[in-house]
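What follows is one chain in structure tokens, specifically the form predicted on its own.
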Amino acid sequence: MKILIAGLGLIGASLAKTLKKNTSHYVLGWNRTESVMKKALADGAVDEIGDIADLIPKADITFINFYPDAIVPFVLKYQDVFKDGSIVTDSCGIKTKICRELEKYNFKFTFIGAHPMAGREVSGYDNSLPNLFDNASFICTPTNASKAKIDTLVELANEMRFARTVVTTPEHHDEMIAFTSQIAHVLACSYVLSPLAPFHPGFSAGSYRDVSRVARINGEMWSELFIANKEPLIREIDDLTSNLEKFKKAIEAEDSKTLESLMAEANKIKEEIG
């Protein structure tokens, strides 16, 4: 197949490099910045570059790797250019807003939302990796796609050697991502906003590194993700705040039994779920 990677930043270029490493598919590449496209071609990350309007009709599968608010406008702009019968997908970390908007249209191609679940605290083509998705999940969130098209995308993910594939609804995806990813970024950012954070050297070890790591964050992109998924994320923030209040009240009251009970419960859950 011919597979187009539109957007050659961290995720898009890593997808391209993974395709080149693990499959025999022909990889088309496009990026808004021409120098990035040329570098990807020179590196062997893609087989062909060019104008987006020329590349799109060639692709059997198109991966769109943009910020959340840019995906729907891009699909609608080029809806008459995508190859008939092809699959158009994305790599965005939220799905409901995108999938439910695009399911309204009767395209000649099939849109299937997707989320290759991996990332780094750095961005851009130069930080992309051919092994970024090792041990990662590939999540598909189809709405009105046929089983054959879903199977094609899942099979491609398997070829790329994702560790697991998951097919679910956009809503369930976003609910789970609010818990497994977004709330962790909110917590990390809140944590390092402490006035004591600048003085951590000499006093910090693994706990500081573990909790603060994902505070290295692209604020422009993640603000779009947070707002697009606001209802599930607010529920997670409310749950977290409630649990923090339980600890706060127990500490204020010097209630060791309640503290021990809270930590025992948390430890038990962590032991059970990993």
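Heads up: residue numbers just count along the shown sequence, starting at 1. Given the structure is predicted, the values throughout are model-derived calculations rather than measurements.
Although not depicted, the form predicted in complex with a further copy of the same chain is the subject of the following passage.
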Exercise for review: Determine whether any heavy atom of Thr110 comes within 4.5 Å of a heavy atom of a further copy of the same chain in the model of the complex, and answer yes or no.
Suggested key: no
Review point. Is Leu196 a contact residue for a further copy of the same chain in the model of the complex, using a 4.5 Å heavy atom cut-off?
Key: yes
Exercise for review: Determine whether any heavy atom of Ala53 comes within 4.5 Å of a heavy atom of a further copy of the same chain in the model of the complex, and answer yes or no.
Suggested key: no
Check your understanding: Is Leu41 close enough to a further copy of the same chain in the model of the complex to count, meaning some heavy atom within 4.5 Å?
Key -> no
Check your understanding: Looking at Val166, Val81, Ala163, Met160, which has any heavy atom no more than 4.5 Å from a further copy of the same chain in the model of the complex?
Key -> Val166
Review point. Among Met176, Ile150, Leu129, Leu76, which has at least one heavy atom within 4.5 Å of a further copy of the same chain in the model of the complex?
Key: Met176
Practice item. Choose from 58-66, 28-36, 222-230, 45-53 the stretch whose residues reach within 4.5 Å of a further copy of the same chain in the model of the complex, heavy atoms counted. Key: 222-230
Exercise for review: Would you give me the residues of 192-215 that have any heavy atom within 4.5 Å of a further copy of the same chain in the model of the complex, in order from first to last?
Suggested key: Val192, Leu193, Ser194, Pro195, Leu196, Ala197, Pro198, Phe199, His200, Pro201, Gly202, Phe203, Ser204, Ala205, Gly206, Ser207, Tyr208, Arg209, Asp210, Val211, Ser212, Arg213, Val214, Ala215
